[in-house]
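In structure tokens, one chain follows: the form predicted alone.
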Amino acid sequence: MFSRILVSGLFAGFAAGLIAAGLQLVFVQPILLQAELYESGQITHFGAAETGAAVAAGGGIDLLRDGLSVLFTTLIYTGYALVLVAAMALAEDRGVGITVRQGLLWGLAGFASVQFAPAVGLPPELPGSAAAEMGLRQAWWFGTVGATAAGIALIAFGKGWTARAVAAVLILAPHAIGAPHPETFAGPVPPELAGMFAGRALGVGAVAWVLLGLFAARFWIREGERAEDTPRTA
């Protein structure tokens, strides 16, 4: 069982992570680079006209930075995949069938838990954005992820209205408590750029998580079939 989880998670996470990294380099990183120009003061919001050279500098390609971005993204999604496959193993052990098509729903559930629900209170932030103390944000993020994941699991596998009511409380509780925010919002980056960044980051995350769910289910099924076909020795 452990080897099946490990192999499935590694293959699914690596494949989804590479795709996610490619999408981030194309759609997300150019916005990050431009935001860094605002943060450093090379260009100014409502200031002097932005020169073509300054804006173009934000789109320069840094191979080391891109390589590290790909590496960390694949590592992160491999970690997500291992958790997702472990959850699939637990579900299958309790009689829940896993199919490739259902993997899409597992991926959406992962996206809702890890990215969408936390983004309701703490949307993806650009460099230079005003933010509350890091420890408070991390605590709220982890609590939101855990509560949302538990709530979705109760909706999917729980029985009766009691389970659904508890699920609703778990999902809504972090937002009722409220995410930590600074007393005032200020920063050098235009809000239009921040909105574009948040939208693209969530869009890439949604695609990556759907693919992660599909890959995880596919490799989980494949490794199960291989285990059944392998003859056992006395």
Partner chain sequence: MTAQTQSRVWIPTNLVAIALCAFIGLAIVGIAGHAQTTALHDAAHDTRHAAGFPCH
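Numbering follows the first chain given and starts at 1. In this text, all values refer to a predicted model and were calculated from it rather than measured experimentally.
Not on display, but discussed next: the form predicted in complex with its partner chain.
- Leu32 is the sole member of Ala179, Ile43, Ala194, Leu32 with a non-hydrogen atom within 4.5 Å of its partner chain in the model of the complex.
- In terms of contact with its partner chain in the model of the complex, the residue from Val100, Ala89, Leu108, Leu154 that brings a heavy atom within 4.5 Å is Ala89.
- Using a 4.5 angstroms limit between non-hydrogen atoms, Ala149 is distant from its partner chain in the model of the complex.
- In the model of the complex, its partner chain lies farther than 4.5 Å from every heavy atom of Val189.
- Under a 4.5 angstroms non-hydrogen atom cutoff, its partner chain in the model of the complex has Met1 among its neighbouring residues.
- Remark: Lys159 does not count among the residues lining its partner chain in the model of the complex, judged by a heavy atom distance of 4.5 Å or less.
- Taking its partner chain as positioned in the model of the complex, the residues of 80-95 that bring a heavy atom within 4.5 Å of it are, in sequence order, Tyr80, Leu82, Val83, Ala86, Ala89, Leu90, Asp93, Arg94.
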